[in-house]
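Just the one chain here, the form predicted on its own, laid out as structure tokens.
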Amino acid sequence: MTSSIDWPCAALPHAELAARTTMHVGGAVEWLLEPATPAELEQAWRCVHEHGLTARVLGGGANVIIDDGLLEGVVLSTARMRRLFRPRAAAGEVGAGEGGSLELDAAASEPALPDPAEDPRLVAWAGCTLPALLRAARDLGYGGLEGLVGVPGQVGGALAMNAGGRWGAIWDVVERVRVLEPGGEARELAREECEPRYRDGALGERIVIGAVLRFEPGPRSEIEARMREYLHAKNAVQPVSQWSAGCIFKNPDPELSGGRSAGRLVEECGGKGLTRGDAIVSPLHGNFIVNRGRASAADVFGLMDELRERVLQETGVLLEFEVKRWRRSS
């Protein structure tokens, strides 16, 4: 029984999950595990599988909608794995050795860090939030991720789905990524070994532990200006400050949709403003569903299915979900 398991990290039974997501809907899970380090994450993952339990990984709670009721099994949260730092090793040494670059110690006894422009890299653990990463990059004069301004979530989830948009994606700055294989083995992959694509980091069932990110040094004033420009453009057409899970659908093949995005297809089919309970298709953007305060997962799932069916019937385009749906087995 799960009640008798000696978990290798902080563990909460029957933990509520709604407040841990950007949509603020959903029920609870039998066990929520909260590793604080890569080592604890690896140990927790192995422990879960040794006991034959269903396991899911929850990052910042963006791009996921969790079912109402009680989820079976375990959810591993990376929320405590927030560390972000500059590597002290020389560029050619990152990733070498047992344990890899993501365990580098930033103790005061270590050699002084080089000038930021000489080694424009950051090491981010999976739970580092995207806003924290962008602030650090801006303050150091590191460019390349400005297009992710306003995007919630954490580095691990962002890498898994290749978060981004018209101004670039997170994999644009990845040098190395450390992952946990389904069997529990930790492994580092160079960017050249990965094949990320649109809204997919192509990591399969691997779990992101962290990554080494390489940026383009530049004037902080220019980086700040781009961030303001992009955020202003997003705020004009997206419900950035409201409770949502981000884009609901992936943009379809332009040849099949006549060049229309998923949001445009929903809008042309009269989907904007549709409601179920406290869930509403955003009047700003047809590819966002917003929780106005008390929406249930059932409300959101119902709207998602309704929009997908409406677009299919009126245009012949079958939209693919971008957001993950965690459903109960019964």
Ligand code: EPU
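Quick caveat: nothing in here was measured; it's all calculated off a predicted structure. In this text, residue numbers run from 1 along the sequence as written.
Note that the form predicted in complex with this ligand isn't included here; everything after this is about it.
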item: Heavy atom of each of W167, E267 and E322 within 4.5 Å of this ligand in the model of the complex; value: yes
item: Interface membership of K272, this ligand in the model of the complex, 4.5 Å heavy atom rule; value: yes
item: Contact test in the model of the complex: K234 vs this ligand, heavy atoms, 4.5 Å; value: yes
item: Partner proximity in the model of the complex: G61 to this ligand, non-hydrogen atom cutoff 4.5 Å; value: no
item: Any non-hydrogen atom of S261 within 4.5 angstroms of this ligand in the model of the complex; value: yes
item: Stretch from 282 to 290, 49 to 57, 295 to 303, 35 to 43 whose residues place a heavy atom within 4.5 Å of this ligand in the model of the complex; value: 282 to 290
item: Within 214 to 252, the residues that have a heavy atom no more than 4.5 Å from this ligand in the model of the complex; value: K234, V237, Q238, G246, C247, F249, K250, N251
